[in-house]
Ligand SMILES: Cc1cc2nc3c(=O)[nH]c(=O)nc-3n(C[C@H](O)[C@H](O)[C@H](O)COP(=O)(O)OP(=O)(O)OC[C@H]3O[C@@H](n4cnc5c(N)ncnc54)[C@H](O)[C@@H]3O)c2cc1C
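Next comes just one chain, in structure tokens: the form predicted alone.
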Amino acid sequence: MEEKIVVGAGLAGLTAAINLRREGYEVRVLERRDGIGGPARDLPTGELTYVMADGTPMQPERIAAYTGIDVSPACEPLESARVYSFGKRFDAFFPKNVPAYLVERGSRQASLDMYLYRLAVEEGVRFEFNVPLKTRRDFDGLPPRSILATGLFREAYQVLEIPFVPVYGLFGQGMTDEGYAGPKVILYMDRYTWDYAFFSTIHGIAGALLFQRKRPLSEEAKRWFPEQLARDEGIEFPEWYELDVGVLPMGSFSNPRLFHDRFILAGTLAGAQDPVLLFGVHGALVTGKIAAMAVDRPEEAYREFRRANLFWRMSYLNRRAIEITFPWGLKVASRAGFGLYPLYAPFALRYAFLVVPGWLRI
């Protein structure tokens, strides 16, 4: 039985591996870290295991129909979110027809990563950990049509010469009190970053992340977010950690790609991430399936990939507009968007998700 190689044991790589195994291939997944959990295993968060509740638009039943994987056991419905736009607070409640969810990311048993890993092991996928691929020689040693799903890993972009932008962050984490009754997701948009900061909590652990693409965070920004979160919500963490988050596939208008060099790409490396708000869970699952399809049906897979990323370039231009007009452009857009939210949410919000990679395909 022919063996196929998947590089990267994240959401896209695991989805691809499961689908290839079900098609009858022997599948070996190479992971540079010592276990499952992605960037979570790289972050110095003291005694706590890195956990992040990832808020994402997703339709689990349609994901299951398309990928053959029921991810609903790892999904928690998200009913509302709180947003602070340049100091003004908005509370957004999602209508029943808006499919928003939280998924845990990381190496704990409740995470979506570990859920997919257990499914892959049950299917007979083999794993090799502590296998770093950092040089051109490392990648040249892989067989043609290997699937690369290396996520935020900088070296893969550099070796393959895929345009990227670096990401810098500040992260805090702690256990949530049993009596915590606040929002599960709190989002901040302000002059301190042209991206955003957010707090989220799931399964008893809370985390907060301030990040920015392209340029490092200022010292003022690093002071602002912990202080603002404590002042607005009474949320404090004992320690905060500066992070080199990694890189994002948004260095070029033409970033999304299924085939590159001799390889098949999936997930973040393939560009399957919304350039504005960085929704990536949905795109990772869908492109994992497409990457597995590309092994035997490249033309069909390419058509699927193009449909999955139909609005990516439009979203990329929106992102560039945010950067060019920052900070006033972000202030006007976010305040108008959330201020008018009650008027359009019941009928229009669902269609806003069309820019999420993979949404149109399923």
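Residue positions are given as counts along the sequence shown, with the first one as 1. Owing to the predicted nature of the structure, the values given are computational and were not obtained by experimental measurement.
Omitted from view is the form predicted in complex with the named molecule, to which the following refers.
The named molecule is not drawn, but in the predicted complex it has no heavy atom within 4.5 Å of Glu104. In the predicted complex, at least one heavy atom of Ala284 sits within 4.5 Å of a heavy atom of the named molecule.
Contact check for Ala149: a heavy atom falls within 4.5 Å of the named molecule in the predicted complex. Interface residue remark: Asp190 is not counted as part of the site for the named molecule in the predicted complex, having no heavy atom within 4.5 Å. With the named molecule left out of view, the stretch that reaches within 4.5 Å of it through heavy atoms in the predicted complex is, among 117-125, 223-231, 276-284, 83-91, 276-284. Between the options Phe198, Phe171, Phe164, Phe263, the residue in contact with the named molecule in the predicted complex by a heavy atom within 4.5 angstroms is Phe198.
Of the residues given (Ala74, Ala100, Val245, Ile235), Val245 alone sits with a heavy atom within 4.5 Å of the named molecule in the predicted complex. Across the proposed site, Glu304, Ala308 and Gly358 without exception lack any heavy atom within 4.5 Å of the named molecule in the predicted complex. Interface residues of 1-25, taken as those with a heavy atom within 4.5 Å of the named molecule in the predicted complex (partner not displayed): Val7, Gly8, Ala9, Gly10, Leu11, Ala12, Gly13, in sequence order.
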